[in-house]
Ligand code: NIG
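As structure tokens, one chain now follows by itself in the form predicted alone.
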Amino acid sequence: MSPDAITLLVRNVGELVTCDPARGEAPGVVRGAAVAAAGERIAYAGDESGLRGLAMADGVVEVDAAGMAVVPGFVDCHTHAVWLGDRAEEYARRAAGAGYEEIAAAGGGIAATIAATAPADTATLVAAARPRLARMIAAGTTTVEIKTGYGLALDAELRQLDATAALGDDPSLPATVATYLPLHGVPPGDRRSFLDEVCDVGLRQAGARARFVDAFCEAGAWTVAECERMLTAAASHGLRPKLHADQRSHSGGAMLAARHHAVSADHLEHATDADLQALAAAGTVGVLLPGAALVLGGPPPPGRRLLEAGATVAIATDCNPGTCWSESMPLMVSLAVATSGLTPAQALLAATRGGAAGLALDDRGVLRAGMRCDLALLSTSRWLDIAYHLGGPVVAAVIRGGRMVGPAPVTA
């Protein structure tokens, strides 16, 4: 069989949302369309009439989209999806008026999740996270970044990285990208010695398992100077920088991310216009986390301001047990439109092409020949319903790497 033979064909697409800038006005919609894949890659995406002349493999899988819309698989570029334990009581306390810092000072927050997660072996971590990732792919997410940060001790952090790899090897779940987040919770002992170990040993060992390194640069967490030391050390271990920046206060994290040409700076609720302009000049993606901003009751994410500064914008769930337990990228698209000043088209681009940029991935987030065949087949004929139907079940089926995940109308 020719390696270019079509193995998957999606026909009768009402609105094919390519997110391809070459297709004109965003988000690059083609009506009456089809997608053909050869293995994991898209061989054709466009008007259905363009299928003529393509060689079909024996046993090609043909999917009838029945006039429904098709979009790129969502790329969720900021999550903490591997955890054990429960923080529902904290959620109730915040609703009753307790602040984030007050809860953390009483032993809650990140420290509570570390206590529950750090002792677990890799198999237990995988078992706990698998249902979350199953809900993610059911909602259209085909690639998800997962951070460590609930271990503190190096061996516990490495087990979280191993769990992330194991989850990504499961073809029924999203592909995974691992980020080492050692500066998340604060250790109970000498923080300088802890940072020494991270820089001297942790980065070296994590470098073989992770793609990125990250830090929580925030008052009450890690200072700009501490984060900068780690980011500088990480460069020699092949770990590209990301940063939690200016979430709870104007900490200086965005400017630090810009100085280090970080792949992304995430949260940014307290970033100034000068900060956002610096990120744009550095080529750093601004990642909006509208679910976390809503739960914590802070300023809305600066989506419109990031675009006006000229920055690339991404949207992610921040899926975590304390401040945003949500696996739904469609919900985040809705919230970004409602709270962050984005249009539906801008929000969809941020959840697909922008998310891929936030992970330095150039092979997904856009539907065109040569890209990964990662698709979400919608349950509606209008792609706008992703934003319009707030938290609704807008995804009917998912294709990851040219293979159907879950049921769909299929004919041989």
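Computed from a predicted structure; not experimentally measured. Residue positions are given as counts along the sequence shown, with the first one as 1.
Not pictured, yet referred to below: the form predicted in complex with ligand NIG.
| Of S264, Q160, T143, Q247, which residue is found within 4.5 angstroms of ligand NIG in the predicted bound form when only non-hydrogen atoms are counted? | Looking at the other structure, the residue within range turns out to be Q247.
| query | Which one of T117, T323, S334, T176 is close to ligand NIG in the predicted bound form, taking close to mean a heavy atom within 4.5 Å? | reply | That would be T323.
| message | Does any part of F194 reach within 4.5 Å of ligand NIG in the predicted bound form? Heavy atoms only, please. | response | Because no heavy atom of F194 falls inside 4.5 Å of ligand NIG in the predicted bound form, the answer is no.
| Would H260 sit within 4.5 Å of ligand NIG in the predicted bound form, counting heavy atoms only? | Contact check for H260: no, nothing within 4.5 Å of ligand NIG in the predicted bound form.
| 4.5 angstroms heavy atom contact with ligand NIG in the predicted bound form for I110 | Yes, I110 lies within 4.5 Å of ligand NIG in the predicted bound form.
| query | Using heavy atoms and a 4.5 Å limit, would one call R240 a contact residue for ligand NIG in the predicted bound form? | reply | Flag for R240 set to no.
| message | At 4.5 Å between heavy atoms, only one of the stretches 186 to 194, 161 to 169, 75 to 83, 204 to 212 reaches ligand NIG in the predicted bound form; which one is it? | response | Every other range fails; the passing one is 75 to 83.
| message | Suppose contact means any heavy atom within 4.5 Å; which members of 86 to 116 contact ligand NIG in the predicted bound form? | response | Heavy-atom contacts within 4.5 Å come from R87, Y100, I110.
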